[in-house]
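Consider the single chain below, provided in structure tokens and representing the form predicted on its own.
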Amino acid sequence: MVGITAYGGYIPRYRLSRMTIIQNMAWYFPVIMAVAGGEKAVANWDEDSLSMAVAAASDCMAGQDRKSLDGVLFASTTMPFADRLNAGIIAAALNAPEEGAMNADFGSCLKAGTTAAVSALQAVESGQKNNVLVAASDLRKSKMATLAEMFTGDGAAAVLFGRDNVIAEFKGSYSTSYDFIDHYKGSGKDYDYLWEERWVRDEGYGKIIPQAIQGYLKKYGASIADFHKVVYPCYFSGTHREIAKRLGIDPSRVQDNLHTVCGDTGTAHPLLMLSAALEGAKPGDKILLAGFGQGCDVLGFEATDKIKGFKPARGVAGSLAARVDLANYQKYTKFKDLIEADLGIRGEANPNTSLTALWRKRKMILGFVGAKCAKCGTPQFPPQPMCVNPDCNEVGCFEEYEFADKSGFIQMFTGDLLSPSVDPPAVYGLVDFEGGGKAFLDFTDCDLSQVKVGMPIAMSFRRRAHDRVRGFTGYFWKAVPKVQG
């Protein structure tokens, strides 16, 4: 049996009410008032599509054997690197095997996530691969006071495909491909160029998705009534309902498009909606998934008995619940790099990243892998030649020890207003990990007033530095204090 063996999702904690956008920008473009309802998810300043993909992948792989991965596929239209394997960075962050790995990037259109899923399933079906992870994520920039700003949100999803412990069996796929341009982004441009709204609604979503779904049903001799959930992206709520009506789908079986709670997350959105559907699925439920963008991919799944025993570490529901209002529109525009602000003299330092050092220490930097003394069992980070246990001091006798999935607590911290930060003050301190090991780390997704000594933390893969001169983004792990309430 081939299908889904695990899934996960990630939606950033910040939520910007669309009314906040209207209050600040409707004077310039009053048309945005027509789509005022709900809120959109906004990534923190140190997040991008790749770091969010790692968060979703970590959610998906919690409790799974990462050493069994033999492929990581990454789908995005906003990858940080144009010529570097972005999927390889995700694999390194997961400390996945390097030997025999099939890692690849999928991009250029919004259905890249479902296209990557089809490719992963074909690889598993053929027997060439056993466990392939697909992560999809987007962090799109939109000009202020535009409909794109109102519709889009940030987020990521990840799905693991394999043969063992399948929670949703793969039942086949059908794809169409058209050079239908509802929007595009030219090479070197920061923003998508959107075509006329009615064209996108009526000729795009409204025709291409129903046609592809009908193609799938005809190919497999199925009826739309067979499916307990039908999942397809469309941020036009009226068109989303009209597609269901045209296909004869019972409204109760249409998966919510998440527009009011996070916005459209681009390539991630079909898989994010699929993850939400799986969270409520029961054995025997059939799910139909469609991804839209220069055509349409349609995939069918049927939940197995094993779905009762699976639950993502956080999932879509958990991410949606862990929300914080972002009421400051100016802060949002800076997080999105829509405005330029001075970081001061201390922020002018722009050292070149040593690619040789990054290669030698890739497991430590990207995977947050330390060492554990094979003699006394003491973990330590960063790895050192000698055991830090004063009662041991063994030299050169270590095994790898992963800290990324370990919990811990804050031993000490400070808030630094002199250190350059997009969201001052910079908060950092010493973390004591459960099971042993300590590390001095930056904190993120927190307010200084909420941080306390003894507070539990979780680790999160984030942007550490961005070299605008050379176009290089550096990543490392940060501590996220688990603030209550």
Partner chain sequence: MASGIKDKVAIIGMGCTRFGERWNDGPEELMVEAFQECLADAGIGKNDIQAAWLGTCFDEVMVGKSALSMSMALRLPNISVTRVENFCASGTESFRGAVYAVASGACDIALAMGVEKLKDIGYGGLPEFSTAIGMTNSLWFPNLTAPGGFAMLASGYAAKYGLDIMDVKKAMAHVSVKSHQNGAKNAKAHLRKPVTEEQVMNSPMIAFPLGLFDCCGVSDGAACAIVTTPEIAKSLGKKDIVSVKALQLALSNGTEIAYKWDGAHFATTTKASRMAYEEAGITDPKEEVSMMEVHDCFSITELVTMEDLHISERGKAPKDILDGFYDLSGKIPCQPDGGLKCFGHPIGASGLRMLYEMYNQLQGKAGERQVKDPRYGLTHNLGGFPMMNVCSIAIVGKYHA
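In this text, all values refer to a predicted model and were calculated from it rather than measured experimentally. Numbering follows the first chain given and starts at 1.
Separately, the form predicted in complex with the partner chain exists; it is not shown, and the next lines address it.
Participant: Looking at 382, 97, 172, 280, which has any heavy atom no more than 4.5 Å from the partner chain in the predicted bound form?
Facilitator: It is 382.
Participant: Identify which of 324, 339, 225, 412 has a heavy atom within 4.5 Å of the partner chain in the predicted bound form; exactly one of them does.
Facilitator: It is 412.
Participant: Residues in which of 388 to 396, 287 to 295, 190 to 198, 143 to 151 have heavy atoms within 4.5 Å of the partner chain in the predicted bound form?
Facilitator: Answer to the contact question: 388 to 396.
Participant: Since only the chain is shown here, I'm wondering whether residue 429 would be in contact with the partner chain in the predicted bound form (any heavy atom pair within 4.5 Å).
Facilitator: It does: once the partner chain is placed as it appears in the predicted bound form, residue 429 has a heavy atom within 4.5 Å of it.
Participant: Tell me, yes or no, whether residue 442 is in contact with the partner chain in the predicted bound form, where a contact means a heavy atom of each within 4.5 Å.
Facilitator: Judged by the heavy-atom cut-off of 4.5 Å, residue 442 is in contact with the partner chain in the predicted bound form.
Participant: Just checking whether residue 185 would be counted as a contact of the partner chain in the predicted bound form - the rule being heavy atoms within 4.5 angstroms.
Facilitator: Looking in the predicted bound form, residue contacts with the partner chain do not include residue 185, since no heavy atom lies within 4.5 Å.
Participant: So in the predicted bound form, is the partner chain close enough to residue 313 to count as touching (4.5 Å, heavy atoms)?
Facilitator: Judged by the heavy-atom cut-off of 4.5 Å, residue 313 is well away from the partner chain in the predicted bound form.
Participant: Judged by heavy atom distances of 4.5 Å or less, which residues of 201 to 231 approach the partner chain in the predicted bound form?
Facilitator: Not one residue comes within 4.5 Å of the partner.
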